[in-house]
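Here's a solo chain for you in structure tokens, the form predicted on its own.
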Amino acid sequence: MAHITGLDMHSILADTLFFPPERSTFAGDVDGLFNFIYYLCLFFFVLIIAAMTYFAIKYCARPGHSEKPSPSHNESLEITWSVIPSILVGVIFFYGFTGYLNMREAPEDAYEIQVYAKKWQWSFKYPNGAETTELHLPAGKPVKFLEQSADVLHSFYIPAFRIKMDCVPGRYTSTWAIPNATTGSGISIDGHQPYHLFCAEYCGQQHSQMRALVYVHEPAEFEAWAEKEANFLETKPPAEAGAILFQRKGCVQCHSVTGDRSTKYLGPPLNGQWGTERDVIPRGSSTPEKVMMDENYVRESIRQPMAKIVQGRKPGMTVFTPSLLNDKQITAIIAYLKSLKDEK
């Protein structure tokens, strides 16, 4: 498949009436079919309204005019208004169905990214083990998105690519695309910001917040980024690496680190808590006891979140097995928690 490094200036600046600029090889076909249906409907709408208006004025009741008998059957007219719409519907179905099939079957050499959807966050895992909450892609290469949901129905939607696919609990779904314009890590040469990824299926209270940014790199730049991202535990300070993991693993969904102590967070706040005592309810007991927030407490809370529940909070934290969060990653998160200052 040919390498795509950019677009001519007309294509870069082009925009459609209803969509953002076309940023994948699918987008032109999708927009073409959409525009055909739209302008076809617009044409017949204007034609029918104009005809109705004309005949309403021409044949309105007037003094001195008597009504004429109207024909009850006209084969030529009936054949015309049956054949022409049938042909148009057939054309729409053909291009829609073939386009759908093309978007369902990814090439065998496609770069596969695993997409995980959960309330209310996206996460992405790459073949080399890198994990991110922002989506990074190589330009000009087919990318397959293998999607799954951890809880409810979500929908993976990138408007710039014109692709959308439901993420269904208990099964895998997939779609693919070839990005054809780069964004790099900021604003690209065409002035376009990183693309947006949305959840297009209502999934609960924070559905509108379930979004992510999509960055498209030149292939060489992407390979360097992926290698660096896969080894960030070795290349970044422990506290900084822990902050990345805290975000990626969804800890921010349940724990405040900014001083918010409200019950909108399922878990207790974590800023400024290192080395302090907290009241917990041990498993199988109803009597509170005090425990120090230290390395062992954090590790136990990650591996066995039901062992000790902070008083006033409800249980519900995910059990992070070693396959989800290994000991080295836990150590980095501990370093991050130690660095958090109290922001009362």
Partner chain sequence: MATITPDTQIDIGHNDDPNSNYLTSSRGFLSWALTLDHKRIGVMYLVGIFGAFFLGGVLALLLRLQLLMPEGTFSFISLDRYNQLFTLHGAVMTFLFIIPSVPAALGNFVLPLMVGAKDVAFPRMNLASFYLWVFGAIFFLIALVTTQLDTGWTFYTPYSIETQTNVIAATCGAFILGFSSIFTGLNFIVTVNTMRPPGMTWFKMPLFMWAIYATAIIQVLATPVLGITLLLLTAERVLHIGIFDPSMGGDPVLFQHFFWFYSHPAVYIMILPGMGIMSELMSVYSRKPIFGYTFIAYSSIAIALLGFLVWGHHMFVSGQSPMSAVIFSGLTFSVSIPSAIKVFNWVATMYKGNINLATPMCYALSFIFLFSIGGLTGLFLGALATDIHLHDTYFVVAHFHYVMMGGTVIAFVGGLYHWWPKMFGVMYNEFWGRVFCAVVFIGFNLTFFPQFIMGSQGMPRRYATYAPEFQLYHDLSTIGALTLGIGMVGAIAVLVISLFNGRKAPANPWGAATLEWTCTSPPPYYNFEHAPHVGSPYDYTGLKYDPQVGGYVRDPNAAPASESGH
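Given the structure is predicted, the values throughout are model-derived calculations rather than measurements. Residue numbers count along the first chain shown, from 1. C-alpha atoms forming the largest set that superposes within 1.5 Å between two forms make up the rigid core.
A second form of this protein, the form predicted in complex with the partner chain, is not displayed here; the remarks below concern that form.
From the list 239 to 247, 270 to 278, 171 to 179, 123 to 131, the contact stretch for the partner chain in the model of the complex under a 4.5 Å heavy atom rule is 171 to 179. None of the heavy atoms of L146 is located within 4.5 Å of the partner chain in the model of the complex. Although the partner is absent from this view, W81 contacts the partner chain in the model of the complex, with a non-hydrogen atom inside 4.5 angstroms. When contacts are judged by a 4.5 Å heavy atom cut-off, K228 does not count as touching the partner chain in the model of the complex. Within this chain, P142 is remote from the site of the partner chain in the model of the complex, having no heavy atom within 4.5 Å.
Taken together, the three residues S72, L101 and R162 all lie with some non-hydrogen atom within 4.5 angstroms of the partner chain in the model of the complex. Contacts between stretch 38 to 60 and the partner chain, counted in the model of the complex as any heavy atom lying within 4.5 Å, involve Y38, C41, F44, F45, I48, I49, A51, M52, F55, A56, Y59, C60, listed in sequence order.
If you fit the rigid core between the shown form and the other one, you'll see the Cα of I48 move by less than 2 angstroms.
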